[in-house]
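Only one chain comes next, encoded as structure tokens, the form predicted on its own.
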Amino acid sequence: MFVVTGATGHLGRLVLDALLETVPADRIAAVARDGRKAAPLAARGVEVRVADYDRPETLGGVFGAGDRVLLISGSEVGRRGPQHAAVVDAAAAAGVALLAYTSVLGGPDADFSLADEHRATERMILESGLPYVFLRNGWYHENYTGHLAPVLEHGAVLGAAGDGRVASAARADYAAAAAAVLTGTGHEGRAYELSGDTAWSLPEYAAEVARQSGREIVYADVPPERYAAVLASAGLGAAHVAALVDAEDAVRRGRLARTTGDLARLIGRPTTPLADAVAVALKG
């Protein structure tokens, strides 16, 4: 079986869509915390297995010997260590054939706080002795295009990354790569540095939004403390704010600008241009 955890999340749904293009539905299992949210997957013939990263006892029996599993990292910063440990332990106990993990661009060399739990999870998987693949995902276009409403309202892209560059790609590109690794051969023991084909800066992003929207949009680069205050005023918690400010510094330092070509090679086509993602977001 091909098993996808976090199956009802943004990335998980896209991975399942990609798998269903080439794999019979009865060979796919979706692991989700809420069975009701997974009902549309069940309607497509996918087996739904209900389990919660935060409740290790629910993971017993979720995996089987020979399963090829995609562990999609949790979204709750600060809680992902024990969450991922519960999944790795369950996968090891079941004797899965492959554990692919959505890590972060740079892996052990990523020196920003959002990467801390990813680095720890990679070490955990290596120590488990499981056959593995690390899918070190860079940033998603949607990290930016998913927040166009305030940009259009205020006429500005706000950030603290200076002219640092980001080699992002569409979430669907990363999903297609995950599906290719799960269903392909020769990936065991590999670590793929996944990023878009072209790196861009926030001033360039603002210019692209302006071009497509027909509005005046500028990039407003602010000091980290000002950026933190804006995020806090939007209701984000202190830990989340700190992580996002630190990520801006990583962008400023070029830590998310790598263009390795791994993602395009895995999906067999160029990665989705940022301009396409902007167009989709503006239509939405």
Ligand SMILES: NC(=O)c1ccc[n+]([C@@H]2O[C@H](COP(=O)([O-])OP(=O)(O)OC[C@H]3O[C@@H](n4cnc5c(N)ncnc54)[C@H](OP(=O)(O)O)[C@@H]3O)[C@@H](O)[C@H]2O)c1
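Everything quoted here is computed from the prediction, not taken from an experiment. Start at 1 and count along the sequence shown; that's the residue number.
Only in words, not in the display: the form predicted together with this ligand, which the text now covers.
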#### Entry: F63, heavy atom within 4.5 angstroms of this ligand in the model of the complex
no
### Query
Though only this chain appears here, would S113 touch this ligand in the model of the complex if you measure heavy atom gaps against 4.5 Å?
no
### Query
Using heavy atoms and a 4.5 Å limit, would one call R44 a contact residue for this ligand in the model of the complex?
no
### Partner contact for L231 in the model of the complex: this ligand, 4.5 angstroms, heavy atom
no
### Query
Can you say which of 246-254, 231-239, 213-221, 30-38 gets within 4.5 Å of this ligand in the model of the complex, counting heavy atoms only?
30-38
### Summary
Checking G164, G159, G74, P203 against this ligand in the model of the complex, the residue with a non-hydrogen atom inside 4.5 angstroms turns out to be G74
### Summary
Heavy atom within 4.5 Å of this ligand in the model of the complex, from candidates L11, L19, L263, L274, belongs to L11
### Task
Report yes if all three of G6, R80 and W139 come within 4.5 Å of this ligand in the model of the complex by some heavy atom, otherwise no.
yes
